[in-house]
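Given as structure tokens, the chain that follows is alone and in the form predicted on its own.
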């Protein structure tokens, strides 16, 4: 029975759970998801400091400027002024240096001039109290929430944590995903192909997709259609992985040995699905009985394998990684050509390119080569264009698009900056 994509996605998501929370060094935690909320233990900055090169002074001394003040010292970042600033005095100060006792403002150096005697400075403009002073706790106050549970860590989060003195952060463990290609027809190596053989592309594409998400790939190699070889590979996956991804052998063919072996070792948990999508109609999901390891069975055609990963594996593993949002957002684009299709009861995912027009609106076009074995179009695509069952979308019509590579959505070339001065 053919089932809707949403039903298949729901089934998979119901059978996966977030991985345990572990303490990970902050330099290894990028893209991991925070497992327990983290709070500040100290103020940042921990002392009032200057945000500008200039002169620390008393604001009241500059009333009616210009004002001449005696320079009684100099402070650079990492050093302190020994003493208290008295009325009529100023201290030369560099960005990041602590504000000396007695000072309540900083006059930027561009608004100051050397005095005639070499020991004074003339402040040419009145300086208000608090001017160019970063007060203690201005960025982060003690007890403030730094990273809420469920937050994917970005580079700035790591800096915030480091500024607190944290060396580790509690995160959901980064998923380890085994990738296994199956089939007697697969060949590995650069020697000439024997008759009937094809080179293994799926494993490399899937390992790349895993790395791209920030997860840990485990290359389990290529396994022929042999029961003992498959059992050995499944055993290795159970010992070292959080999930297993196979490609090939999940359809209804007479020689799909992968299906037979998985049925035997899954305790009848494997569900063999025919999903109402094109490409990637066949899909399997279940768990190994002895280890409870989730197994994603993807079709063997290269494009189908990648689309299955995008629509079914990626959301499930994001849940395992602790993400609250598991599906990729879609955008509405205008078709630049006809996106014709015929009714077949399936949603079509068309490999395409989404860009921006001169008004900043999304526009979309399909690529040539839409068969499930034609991987080259997938390599050029930055989106999957979603065509519901029907007659398609005409030129100028609206089409939803999953942006696989949002950073590759380009504006017309004559709208782009030509150099640094154009930004």
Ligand code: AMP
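Residue numbers count along the first chain shown, from 1. Computed from a prediction, not measured in an experiment: that's the story for all the values here.
Keep in mind the form predicted together with ligand AMP is missing from the figure; the text below concerns it.
Candidate site formed by 185, 202 and 247: every one of these residues places a non-hydrogen atom within 4.5 angstroms of ligand AMP in the predicted bound form. With the partner omitted here, the residue from 301, 89, 131, 151 that has a non-hydrogen atom within 4.5 angstroms of ligand AMP in the predicted bound form is 301.
Between ligand AMP and the residues 104, 242, 310, 256, the one pair within 4.5 Å by heavy atoms in the predicted bound form involves 256. Of the candidate stretches 268-276, 192-200, 321-329, 212-220, only 192-200 contains residues with a heavy atom within 4.5 Å of ligand AMP in the predicted bound form. At a distance threshold of 4.5 angstroms between non-hydrogen atoms, residue 181 is in contact with ligand AMP in the predicted bound form.
Contact annotation: residue 251 falls within 4.5 Å of ligand AMP in the predicted bound form, judged by heavy atom distances. Contacts between 47-82 and ligand AMP, taken as any heavy atom within 4.5 Å in the predicted bound form, involve no residue at all.
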